[in-house]
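Each of two forms of one protein chain follows alone as structure tokens, named structure 1 and structure 2.
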Structure 1
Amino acid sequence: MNGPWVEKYRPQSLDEIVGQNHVTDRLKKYIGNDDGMPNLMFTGPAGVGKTTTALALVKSAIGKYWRQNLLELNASDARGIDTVRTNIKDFCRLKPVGAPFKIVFLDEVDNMTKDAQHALRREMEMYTKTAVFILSCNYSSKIIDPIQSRCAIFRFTPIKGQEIINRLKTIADEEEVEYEDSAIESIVYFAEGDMRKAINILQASASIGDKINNDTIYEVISKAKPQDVTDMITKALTGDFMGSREILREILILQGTSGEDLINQIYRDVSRRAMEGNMDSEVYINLIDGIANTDFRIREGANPRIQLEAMLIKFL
């Protein structure tokens, strides 16, 4: 393995980024624009390309001196007011080197304290002519309104399954790794639109076998096989509680799946049945209520196996 594949195959330009055309098409208008670039806020779930897009934009907008004119901070580590008052202020005070402006990229800014966010707002006001701020977060609701109003907001969406499949196959071919198509589809199922997670699963699976197949995938992710979850729910819905309970035991004990992961897979399977019209709406509502209560109890520390067995009784 030649290092993390996530970094090795990170897109270097906006044209290489997949699944976010509604964002990259808008951002391209800022490149080479004499009017400059506004402050930007990238918001969306993890692993969909927010950081990659920010770095690709910086390289395109500033050119060969992008490293000298970029301050990149992860707000999860540097989240206090002192960081804003020292690192960011000192950087913004310096004159840009071979570029029209400097760029401050703050990743995971929704983890900053409220005091730090208010201090950041002040810096954004003071250095509007010399610095551009790019903020990245998972939840824009955690960002104070004064900062949101100073940014053009770009909302990233989960990457579609087919686009993840194409990317994974390209990487596997580059690394000369054999794979089964069904294994790639399994990765997409568990990644849930997260490209970073999908690539990491692919690399981990490639490291434990000569060929990537479903067995290596399940060994890596330690989650229940989708077919087992479907069979468990089907038996419960048809009144076979003991058969359903036996599958649950195998998933939790023999496969080593956690209660939190399994409850999410159960929710996805039940929702899929409802969307396909294979479940009455009233039944679906009752099941979702039971799933929600079970999820709450497990997260509060209750025994997962007991709670999941109790939940299966409600499926009868």
Structure 2
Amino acid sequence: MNGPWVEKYRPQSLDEIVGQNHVTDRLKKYIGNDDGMPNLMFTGPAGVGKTTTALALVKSAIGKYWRQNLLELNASDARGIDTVRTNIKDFCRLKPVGAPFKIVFLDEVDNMTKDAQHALRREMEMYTKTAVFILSCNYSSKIIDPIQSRCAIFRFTPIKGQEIINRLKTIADEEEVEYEDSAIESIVYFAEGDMRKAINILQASASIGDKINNDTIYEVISKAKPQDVTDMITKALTGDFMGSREILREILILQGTSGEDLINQIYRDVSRRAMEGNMDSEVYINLIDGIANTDFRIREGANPRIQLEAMLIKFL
């Protein structure tokens, strides 16, 4: 297989996983243990190995027929709790075949609403005999207590720079691409402990040049940067509301960014402007007031497009 390196070099066993020894060492005790496995919850930022760990654990705990006894669901993609529930029900109703138990791996659980989480909790109770649940999320604080108390919680930490460097170099050597050491260091800087991002940048810059150096890295980074958000805010701040609204629609509709994600990016961009000394305190706090209000209203269920348009007007 010569596809994306993130998949090609995904660690297949717990031993290969980098930078999460405090987690993997504990997990290994569950393998081959006759008492079975409790429900697990993996929390931590993106790209640190939660899914990889779950898959590796499943393979070693279930054995040869892991594929048939694993249900993998992404809570943010499954439309509504009903899909999640029917999927889980259909899967758990039958006894495991060729394996001691079945595993339900549910990713991005913190994107589920509270109601959906309560429903999930009932599913978890109903199938304790046949299935083990592995839940994965970015913030355990967003998970309701009843679920947390039913899980053994494992906290994943951002992967250390040196460990990412080693991994990237191993991959580059294996793929026989040349690189400059300083380039690898810049990747690590941009990746912020996110291994998936780091490997994606590595492969992308390997394919646009003969050699991985700082130039190819910056080319890739600048492509992947959400430049549109900055443009949108600049247009609004300089009084071009119609232009700003145009970009807003492109981001929400064409790129499919969610309201919550976009408001995070807007907050980051505005506070970066303030930190760089380009903004008066009073102006800044006024903008933040608008962002905060909009954020609350969107999370409450209002229409993100209308709310964000109304917010951009405040930037004028």
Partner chain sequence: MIWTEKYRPKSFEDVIGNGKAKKEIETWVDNWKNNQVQKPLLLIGPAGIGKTTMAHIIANEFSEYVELNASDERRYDDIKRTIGESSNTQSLFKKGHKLIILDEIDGMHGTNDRGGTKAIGNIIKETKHPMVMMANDFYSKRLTSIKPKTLVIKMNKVHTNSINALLKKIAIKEGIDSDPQVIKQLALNSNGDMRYALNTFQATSEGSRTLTMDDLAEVSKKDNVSTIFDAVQRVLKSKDLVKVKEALRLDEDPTLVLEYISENIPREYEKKSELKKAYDMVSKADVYFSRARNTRNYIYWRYASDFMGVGVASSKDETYKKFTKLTGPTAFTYMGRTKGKRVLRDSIAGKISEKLHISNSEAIATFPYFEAMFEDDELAWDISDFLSLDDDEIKRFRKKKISKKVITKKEKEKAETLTKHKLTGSVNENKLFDSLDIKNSKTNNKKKQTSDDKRISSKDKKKSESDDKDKKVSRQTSLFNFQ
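Between two forms, the rigid core is defined as the largest C-alpha subset superposing within 1.5 Å. Every residue number counts along structure 1's sequence, beginning with 1. Remember, predicted model here, so these are calculated numbers, not experimental data.
Here, the chain labelled structure 2 is taken from the form predicted together with its partner chain. Rigid-part assignment between structures 1 and 2: Ile147 and Ile291 are grouped in different parts by superposition fit. Domain rotation between structures 1 and 2, with the chain taken as two rigid parts and C-alpha atoms superposed, amounts to 54 degrees for the smaller part.
On a core-based overlay, Leu248 has a Cα shift of 24.5 Å between structures 1 and 2.
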